[in-house]
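Here's a solo chain for you in structure tokens, the form predicted on its own.
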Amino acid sequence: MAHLLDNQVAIITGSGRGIGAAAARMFALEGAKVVVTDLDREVSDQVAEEIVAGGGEAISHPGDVTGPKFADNILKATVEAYGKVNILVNNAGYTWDAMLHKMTDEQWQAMLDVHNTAPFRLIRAATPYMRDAAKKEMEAGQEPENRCIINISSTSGLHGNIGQINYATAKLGLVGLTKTVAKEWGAFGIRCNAVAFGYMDTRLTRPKEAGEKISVQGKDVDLGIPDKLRGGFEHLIPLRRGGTAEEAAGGILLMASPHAGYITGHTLEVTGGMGI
């Protein structure tokens, strides 16, 4: 029985937890060979091991996506393991919130680094394996393989969000990056789309009082939303609930699948209707 992603090789950043991990498992079930990567080696390895134990194919390549050599290293490791790259999902990221008048330069730059510079470097590093590979196939008179890039944005970028001027700016910048890649690489059959999530159940939206943190260059950054600000979100969502990691991953899978074969430069909103 054919699967949506048979014979595809996918890199999914930030895939040790949450939406990224759900996407990695979902892609593997649909036949993709998955490269799992996360800042935390333990969770990256665990997701890859779970996929292999379930009969799928996956490797773990943990690391910091903002590192200057990360992009080249993961692309090299992927091609050494599987011979090619078909799908790149730029999912890794986090929030570091503050009101504008209290926002530090460090907080501002951190969001640009992880949400803009890291995806840019990964796409650039993929050039020989995506753009150049497709060009060679076309010059040989062949139909190029399916290749696509999916960048994870947010409704914070599309509509702005109080306390997230850094995150909102970076996430909207990712939409501009997406449209530009779509225009530059479309001639080679490579699609580039964004998926913007609304209120999804992840570490970034759970109560900040739970104490979830991410360590960034030796500094602990608190994750989540203060509990007093979390109430009432459902009333802004036509479906009257937040989304699950699996529902978010479904949007990513849709844009990676053959069913999105004539969609590029688009931002798919997976929001339960929030923001319409």
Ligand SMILES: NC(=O)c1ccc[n+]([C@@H]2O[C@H](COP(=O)([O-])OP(=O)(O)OC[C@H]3O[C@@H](n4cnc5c(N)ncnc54)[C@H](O)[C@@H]3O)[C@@H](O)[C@H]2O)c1
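Predicted model, so just to flag it, every value in this text is computed and none were measured. Note that residue numbering follows the sequence shown and begins at 1.
Not pictured, yet referred to below: the form predicted together with the ligand.
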Requested in this report: Classify residue 171 as contacting or not contacting the ligand in the model of the complex by the rule of any non-hydrogen atom within 4.5 angstroms, answering yes or no.
Outcome: yes
Query raised in the report: At the 4.5 Å heavy atom threshold, is residue 200 in contact with the ligand in the model of the complex?
Result: yes
Requested in this report: Look up in the model of the complex whether residue 114 has a non-hydrogen atom within 4.5 angstroms of the ligand, and give yes or no.
Outcome: yes
Query raised in the report: Using heavy atoms and a 4.5 Å limit, would one call residue 56 a contact residue for the ligand in the model of the complex?
Result: no
Query raised in the report: Out of the stretches listed (85 to 93, 98 to 106, 135 to 143, 183 to 191), which one is close to the ligand in the model of the complex, meaning heavy atoms within 4.5 Å?
Result: 85 to 93
**Report entry** Stretch 151 to 178: residues contacting the ligand in the model of the complex, 4.5 Å heavy atom cut-off
**Finding:** 152, 153, 154, 167, 171
